[in-house]
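In the block that follows, a single chain appears as structure tokens, in the form predicted alone.
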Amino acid sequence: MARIEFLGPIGKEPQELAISNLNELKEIFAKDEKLAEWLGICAVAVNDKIVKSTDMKINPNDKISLLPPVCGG
């Protein structure tokens, strides 16, 4: 199963899910009110590389990170 990490202020514990691509992950998270808010604004990394395509194949041992936007000063 892929491991999903929620960074920063998202405030959720890591999860392990059996998914084959990021579209499946998006469908699952859209059902969670708290996560649905973050879906449109977070960057997504697979094995520490930012990805844009939700069609990307996910392997069982992949690490997926949801990266909320940050600002600094």
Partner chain sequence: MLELHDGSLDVPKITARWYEEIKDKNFGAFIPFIGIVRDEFGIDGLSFDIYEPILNSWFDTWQKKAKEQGAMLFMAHSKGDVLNHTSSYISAVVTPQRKVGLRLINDFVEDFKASAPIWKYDLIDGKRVYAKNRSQALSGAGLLA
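Numbering follows the first chain given and starts at 1. Worth saying up front: this structure is predicted, and the values here are computed from it rather than measured.
Keep in mind that the form predicted together with the partner chain is not shown, yet the notes after this line are about it.
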item: Glu33: touches the partner chain in the predicted complex, heavy atom cutoff 4.5 angstroms; value: no
item: Touches the partner chain in the predicted complex: Lys52 (any heavy atom, 4.5 Å); value: yes
item: Proximity of Pro9 to the partner chain in the predicted complex, heavy atoms at 4.5 Å; value: yes
item: The partner chain contact in the predicted complex: Leu67, any heavy atom under 4.5 Å; value: yes
item: In the predicted complex, residues of 6-30 near the partner chain [heavy atom within 4.5 Å]; value: Leu7, Gly8, Pro9, Leu22, Leu25, Lys26, Phe29
